[in-house]
Ligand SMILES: C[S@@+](CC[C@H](N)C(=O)[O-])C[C@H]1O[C@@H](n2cnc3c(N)ncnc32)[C@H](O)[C@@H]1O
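The form predicted alone is given below as one chain in structure tokens.
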Amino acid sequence: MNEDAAAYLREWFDRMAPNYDRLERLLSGFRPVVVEMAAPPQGARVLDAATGTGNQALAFARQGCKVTGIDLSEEMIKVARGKDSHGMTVFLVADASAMPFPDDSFDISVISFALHDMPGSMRAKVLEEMVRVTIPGGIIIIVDYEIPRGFMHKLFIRLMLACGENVYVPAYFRYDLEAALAGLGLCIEEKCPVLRGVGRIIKCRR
């Protein structure tokens, strides 16, 4: 990972951590949909990359999954651990672009609203790592903003940026995510719009 980018993101999310769940209230409606699309069997091993304050990880844990959530930000991980009152989930400070896990460690790997925060080289490495740590035939789910097409969507994105998204976001909207997934050999099985079409869930099979 580019160390300057890593340091920038770590500091940025450390600052965001105390208030992040206020934003999360706007996004949380898709969490159960992700779990439903993944259709995890009892005891499935699930990775939540760039877990933030842990809401997606905990949604899987409540369905009986064995979940590991990782994030660059120690402050985000502290908040996530504080929510896990039953110790259902392992939360680790770790780099999603160089994961500390062996190949084929997880049945399901998920990343939610994080790729848009990364520079392109980091984004590519994170996706490669998700493929590496997911078992053959396993599920990979990406949740992020849809590329805005209409005027209102573009206006929404501009307002979102003005409200505090980081410097890497504009480049994300020139990024062909589906082409990147195909280039990694992933088969897109299902797509689902969320947040009134501003976001989308993409389910892939390794």
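Just count from 1 along the sequence shown to find any residue number. Model, not experiment: these values are computed from the prediction.
Below, we refer to the form predicted in complex with this ligand, which is not included among the displayed structures.
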Of the listed stretches (46-54, 33-41, 59-67, 176-184), which one has a non-hydrogen atom within 4.5 Å of this ligand in the model of the complex? 46-54
Honest question, do Leu9, Ser73 and Ala94 all end up within 4.5 Å of this ligand in the model of the complex by heavy atom distance? yes
I'd like to know whether Thr89 contacts this ligand in the model of the complex, with contact meaning heavy atoms within 4.5 angstroms. no
So in the model of the complex, is this ligand close enough to Ser112 to count as touching (4.5 Å, heavy atoms)? yes
Answer with yes or no whether Met130 is in contact with this ligand in the model of the complex, where contact means some heavy atom within 4.5 Å. no
Given that the partner is absent here, does Met118 sit within 4.5 Å of this ligand in the model of the complex, heavy atoms only? yes
At 4.5 Å, heavy atom to heavy atom, what parts of 171-206 sit next to this ligand in the model of the complex? List them in sequence order, or say none. none
